[in-house]
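A lone chain, given as structure tokens: the form predicted alone.
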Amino acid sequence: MAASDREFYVGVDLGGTKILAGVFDAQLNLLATAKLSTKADRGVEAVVDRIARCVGDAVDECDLALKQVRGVGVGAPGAVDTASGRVIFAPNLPGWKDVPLKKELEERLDLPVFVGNDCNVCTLGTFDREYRCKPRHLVGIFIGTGIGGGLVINGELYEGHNLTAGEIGHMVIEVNGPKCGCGNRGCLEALASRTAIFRRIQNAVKDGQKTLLTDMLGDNLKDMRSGDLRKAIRKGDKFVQQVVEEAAEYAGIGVANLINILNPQIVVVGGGVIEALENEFMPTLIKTAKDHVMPGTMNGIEIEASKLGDHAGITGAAVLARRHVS
């Protein structure tokens, strides 16, 4: 085995509810994963400990030792100073303000650690692994609990002046729309995220709307998942279909805005909602985007669903680590 074949990298996707770690070989083939709940309510130190533990669990799954890993990449939610590896602010992680995540993990793991914004990291993963770095201009949009994104301009990840570029979920689509978690009204995230879709369905059920979801899950719908929406639609639930299609229309308007502004070669759409509802969501998104771009603007531009699914974050984080240590 060549020396380069013995190189291993770990990618970590840090979320508000779960930590996912994956071990990759030199060619960035995924070898094993490990997952832990984040338990963010236990505080910063406890979460950092759990990240380190998750990395160790993933490495152990491959029968490797930590010393065989060349680097660890982490995608963290919120604003991240990539140069220092500090999480400036993570709204879904209580108490995470100016956290020196790189330093803390390097002390625990005795390995080089590199930290980036989670959606930037996901975009990097799709750009590098799905598109082999070929498009010069690419936009990534990730629709899940919220909506995030990343921008590749001239072949490089663009982070912006204050390191917050790519906050696609917070472009305002409807001025007097529902309030968003960021404090504004009518953000794309407040209209098209899984949270927005679930909230609309739950509110309608409280007002007497009939849906197959209540037969499947009970009247309060507290255990609802994206996959349940797919099942209901395929069983003929017109109400759920309408809610999902309206969310997809809003997402399509957001994509049209990005195409008009940035003119990328590729718009790649991923995240948990797309993974569960690609066939129900993407056709409406694509049609709406094409209906709202300036005439001629769509020439040569592709809008596609990501194939990386739930592994986009760990793949991008491994790409981040390999780029820094190679």
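Note that the coordinates shown come from a computational prediction; the quantities given were computed from them, not determined experimentally. So that there is no doubt, residue numbering starts at 1 and follows the sequence shown.
Just so it is clear, the following notes concern the form predicted together with another copy of the chain, a form of the same protein that is not shown.
- Proximity to another copy of the chain in the model of the complex, defined as a heavy atom within 4.5 Å, holds among Asp63, Glu45, Asp41, Asp291 only for Asp291.
- The partner is absent here, but in the model of the complex a heavy atom of Ile301, alone among Met282, Ile301, Leu36, Ala32, sits within 4.5 Å of another copy of the chain.
- Shown alone, this chain has one stretch from 192-200, 222-230, 102-110, 146-154 that lies within 4.5 Å of another copy of the chain in the model of the complex by heavy atoms: 146-154.
- Although the partner is absent here, Arg86 is not a contact residue: none of its heavy atoms lies within 4.5 angstroms of another copy of the chain in the model of the complex.
- Residue contact with another copy of the chain in the model of the complex: Val59 places no heavy atom within 4.5 Å of it.
- Using a 4.5 angstroms threshold between heavy atoms, Tyr158 counts as touching another copy of the chain in the model of the complex.
- When contacts are judged by a 4.5 Å heavy atom cut-off, Ala165 counts as touching another copy of the chain in the model of the complex.
- In the model of the complex, another copy of the chain lies within 4.5 angstroms of a heavy atom of only one residue of 113-140, namely His137.
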